[in-house]
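Let's start with one chain on its own, the form predicted on its own, as structure tokens.
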Amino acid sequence: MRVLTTDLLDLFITRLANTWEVRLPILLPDGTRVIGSPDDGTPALHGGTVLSKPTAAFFPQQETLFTATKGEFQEPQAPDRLLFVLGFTPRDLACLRFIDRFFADGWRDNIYFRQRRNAVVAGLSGYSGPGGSLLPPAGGNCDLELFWDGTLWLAIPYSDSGIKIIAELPDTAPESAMELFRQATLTPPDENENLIKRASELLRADRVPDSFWAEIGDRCIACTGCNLACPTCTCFGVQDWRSATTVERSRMWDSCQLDGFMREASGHNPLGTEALRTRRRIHHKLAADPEKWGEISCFVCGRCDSVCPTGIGILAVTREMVARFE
């Protein structure tokens, strides 16, 4: 365990940027925080969840799969510099662990792992949440974790890469900070985590009627904000772009809230109503994924509730579901 003071933070980031492609939370002129380059703005490690999904560092909204020019096939090359990403909250790190499993299952997605492979991921925890609230330590799912005790960052490595990156930092962590870290690891699950589990049990027991999804679906405007913000949404579509000499195949995020998401060439649409599409969005994460993966794939990051303009993010819907059908 090492120590990173506020005075050392800028120097630490500058040194990393000499050898790594660094991404971290930055403050934009309009006051919002996004994951970006140190050159894009002022580092802003406090504030908790960044609204844009952090897993986009490895699964971007749009990326090229290959190009073919006059019969010559070429895949994009791996980045020149390895990626260092700082800013995942403990819940975000759980999301990253899940999509790592997803993209490695069956046919391994080499496009995803081209970015993910050898990248170093650092999490943020401690009293760095909104308004100085506590983010319990992740205790893993990352190479390195920075825990804010209120005055300094404790740097806790979980991999050889993490150990090397913080090797030059002071190792004189005060006992009070270390004790605070140990106590924070004992933080029990919060109300929202328990809510999601209870809703999952209702769905798996088939206790939620179709009429409920019709009500929720009527409030959906298909803006797709829930999918664009969710770190465990992995659906994408593939498109070919053609010029006189070149074909480029790319993939782009898709949304299960769009009418054409599952429409077949025959015209038949298994998800032909907003009620069915809304049900699928939530049933998928709370009922289908536990059957396939052994875990719920909503890790309560809160992004979909933050961006939904009609109030049907997953927490809002599950709260209503539990109140009515438990």
Partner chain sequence: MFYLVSDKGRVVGVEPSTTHPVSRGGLCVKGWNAFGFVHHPDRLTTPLIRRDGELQPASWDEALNLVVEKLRNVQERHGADAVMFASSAKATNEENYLLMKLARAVFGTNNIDHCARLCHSSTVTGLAETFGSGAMTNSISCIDQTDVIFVIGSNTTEQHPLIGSRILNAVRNGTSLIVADNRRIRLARHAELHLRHTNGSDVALLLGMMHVIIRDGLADHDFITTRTENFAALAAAVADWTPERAAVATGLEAVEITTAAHLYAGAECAMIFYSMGITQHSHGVDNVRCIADLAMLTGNVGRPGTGVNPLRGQNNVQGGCDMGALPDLYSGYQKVSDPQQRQKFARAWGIEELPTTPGLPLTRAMNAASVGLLHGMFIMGENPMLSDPDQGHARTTLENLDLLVVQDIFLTETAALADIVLPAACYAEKDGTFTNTERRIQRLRKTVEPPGEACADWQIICDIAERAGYQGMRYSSPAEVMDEIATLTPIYGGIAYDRLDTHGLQWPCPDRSHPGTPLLHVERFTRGLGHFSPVIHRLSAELPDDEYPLVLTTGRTYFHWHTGSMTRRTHLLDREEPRSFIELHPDDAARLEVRDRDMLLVSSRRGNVQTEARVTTMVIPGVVFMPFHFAEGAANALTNNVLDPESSIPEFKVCAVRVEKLP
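From a predicted model like this one, the values you see are computed outputs, not experimental measurements. Numbering follows the first chain given and starts at 1.
The same protein also has a form predicted in complex with the partner chain, omitted here; what follows describes it.
Although the partner chain is omitted here, in the model of the complex none of 119, 150 and 284 has a heavy atom within 4.5 Å of it. Residues with any non-hydrogen atom within 4.5 angstroms of the partner chain in the model of the complex fall in just one of 151 to 159, 211 to 219, 181 to 189, 166 to 174: 211 to 219. Here is the short version: of 201, 100, 248, 193, the single residue with a heavy atom within 4.5 Å of the partner chain in the model of the complex is 248. Taking 68, 34, 288, 65 one by one, only a single residue has any non-hydrogen atom within 4.5 Å of the partner chain in the model of the complex, and it is 34. At the 4.5 Å threshold, heavy atoms of residue 243 reach the partner chain in the model of the complex.
For residue 259, a non-hydrogen atom is located within 4.5 Å of the partner chain in the model of the complex, even though that partner is not displayed.
At a distance threshold of 4.5 angstroms between non-hydrogen atoms, residue 270 is out of contact with the partner chain in the model of the complex. Using a 4.5 angstroms threshold between heavy atoms, residue 17 stays clear of the partner chain in the model of the complex. The partner is not shown here, but in the model of the complex the stretch 294 to 326 reaches within 4.5 angstroms of the partner chain through a heavy atom at 306, 307, 309, 310, 320. Between residue 48 and residue 156, the C-alpha separation grows by 3 Å or more in the model of the complex, relative to the conformation displayed.
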